[in-house]
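Single chain ahead, written as structure tokens, the form predicted alone.
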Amino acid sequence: MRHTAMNFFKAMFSLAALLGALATMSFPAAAADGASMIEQGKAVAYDRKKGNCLACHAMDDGTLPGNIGPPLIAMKARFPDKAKLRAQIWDATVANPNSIMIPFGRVKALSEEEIDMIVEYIYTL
């Protein structure tokens, strides 16, 4: 009986430790309306006062896209390293000094979080 009680308490202690660890973990936050990071990224990318990617790029289901920049298709093939895609959005002039793309991060036109959301969305295209 004593070993059974001891095993029970060990199991309960282990469970409590596991639940405590899970409670302290951080998970990607969804927007207040429950939108995923990809959906939030699409909203920022399409927002004419934020990313406004459609002004220069054809992408996804966007209407009236510009043609100054390349179409945003096959992004995983074009940017196998997601960090390079993020760097391109943050400041395209680092890779190409003649780029006319706005350096969204460098000039703080978008927050770091907004850039991350856009990267998550664009990487799905």
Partner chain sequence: MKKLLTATLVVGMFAGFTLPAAQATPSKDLTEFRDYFKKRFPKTPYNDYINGVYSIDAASREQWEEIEEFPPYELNISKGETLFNTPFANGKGYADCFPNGGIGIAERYPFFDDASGKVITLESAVNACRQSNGEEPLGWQKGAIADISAYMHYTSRGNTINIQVPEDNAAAVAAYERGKNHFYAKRGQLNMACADCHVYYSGNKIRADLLSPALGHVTHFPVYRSKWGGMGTLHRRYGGCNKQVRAKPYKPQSDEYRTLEYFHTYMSNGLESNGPGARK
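A quick note: this is a predicted structure, and the numbers were derived from the prediction, not measured. Residue numbers count along the first chain shown, from 1.
Only in words, not in the display: the form predicted in complex with the partner chain, which the text now covers.
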query: The unique member of Ile100, Val94, Ala83, Ile73 whose heavy atoms fall within 4.5 Å of the partner chain in the predicted complex; finding: Ile100
query: 4.5 Å heavy atom contact, Ala55 to the partner chain in the predicted complex; finding: yes
query: Proximity of Arg48 to the partner chain in the predicted complex, heavy atoms at 4.5 Å; finding: yes
query: Partner contact for Leu64 in the predicted complex: the partner chain, 4.5 angstroms, heavy atom; finding: yes
query: Residues within stretch 100-115 having a non-hydrogen atom within 4.5 Å of the partner chain in the predicted complex; finding: Ile100, Ile102, Pro103, Arg106, Val107, Lys108, Ala109
